[in-house]
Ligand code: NAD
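Only one chain is given next, in structure tokens, and it is the form predicted on its own.
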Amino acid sequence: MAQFRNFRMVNYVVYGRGSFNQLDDILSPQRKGDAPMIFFVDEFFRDNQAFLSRIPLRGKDKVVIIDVEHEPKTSGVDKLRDELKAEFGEVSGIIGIGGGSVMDTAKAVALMMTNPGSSVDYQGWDLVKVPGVYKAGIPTIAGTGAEVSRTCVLTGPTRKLGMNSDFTTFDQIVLDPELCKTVPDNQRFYTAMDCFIHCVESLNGTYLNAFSQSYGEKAQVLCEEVFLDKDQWDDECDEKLVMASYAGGMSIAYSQVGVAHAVSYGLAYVLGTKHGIGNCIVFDKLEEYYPEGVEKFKRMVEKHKIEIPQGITKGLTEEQFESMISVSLGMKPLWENALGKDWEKIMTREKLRALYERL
């Protein structure tokens, strides 16, 4: 008898331009006595007092600016957990306001407020056993799907891997397209392509099913409408992209990503390449695996005059190449989705090395 995944989704979703203004009402029932809400905010807003003043602070609530120069590290998550416990003991919740790195950090710290040890101990699948504190995600850039995913991707001492569990998903998300209005063009493109690549990998994967397909197809269509059909950016673009990110994240919830993500994990671990641009660098060279998707991607790049970095692995040492390859091949579910159960016979260390050398 077939066994189907019974996965947890985000408990509550609010969507709409200006919905961020409802945050105080949303959080009020979740407050536990005088235990504070902690707001993790993307450093992009560090000097934006107009935005910061809209955060509904009460009592001992605290805003913590999150450095997004580098992707989240297990050491950083543990440090934030320790600091919050030392200062407050308990908190009512963690609210992540920003891009994928901020939302992943919020999810990870919320889990580590109640789970023992280090976040390193929970990198993998279904290792988290205790629910975290209340957590809400508010994306200010669209594409990562972090707002709906059951993981929070962290770079640890030996690998880049998420804390994948049913306890990782947000309890609440606020999807306000207005918050995406000020994203720089290049960053908006790289992050949106994360969504587009999610969809291509899901729709061409061996894990594909009607659930994943319905979300993935819609998300891909929305990305193409925004980046191929539209000639000028407007409010509708932000609205469509926010929903593409949500649907793209839902598509891989019951499926998986593939080659681009598996390879980019190695780049991130060794070179610190950020997730969105890393996926673009890899996907640009994946005609062998996703010919139709790569052709559309290249048209988007050309239309929006985006520069995809080239030659980033030139001059790497043998040790660095071996480390990248090991990290990438460790993403077994991604490779199986992309290439099937015999993926290890197809993607050998030699073939992956050749791909890395082209980047």
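Just count from 1 along the sequence shown to find any residue number. All values reported here derive from a predicted model rather than from experimental measurement.
Below, we turn to the form predicted together with the named molecule, even though it does not appear here.
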Item to complete: Would you kindly say which of V153, M112, L80, A253 lies with a heavy atom within 4.5 Å of the named molecule in the predicted complex?
Response: V153
Discussion item. By the heavy atom within 4.5 Å rule, which residue out of S165, Q220, T144, S119 makes contact with the named molecule in the predicted complex?
Written reply: T144
Item to complete: Using the partner position in the predicted complex, report whether K135 sits within 4.5 Å of the named molecule, counting heavy atoms only.
Response: no
Fill in: Proximity of V68 to the named molecule in the predicted complex, heavy atoms at 4.5 Å
yes
Worksheet item: Is there a heavy atom of S149 no more than 4.5 Å from a heavy atom of the named molecule in the predicted complex?
Response: yes
Discussion item. With a cut-off of 4.5 Å between heavy atoms, is D194 one of the residues that contacts the named molecule in the predicted complex?
Written reply: yes
Discussion item. Can you confirm whether G100, Q187 and H275, the three residues that make up this candidate site, all sit within 4.5 Å of the named molecule in the predicted complex, judged by heavy atoms?
Written reply: yes
Discussion item. Only one of 230-238, 207-215, 86-94, 172-180 has heavy atoms within 4.5 Å of the named molecule in the predicted complex; I'd like to know which.
Written reply: 172-180
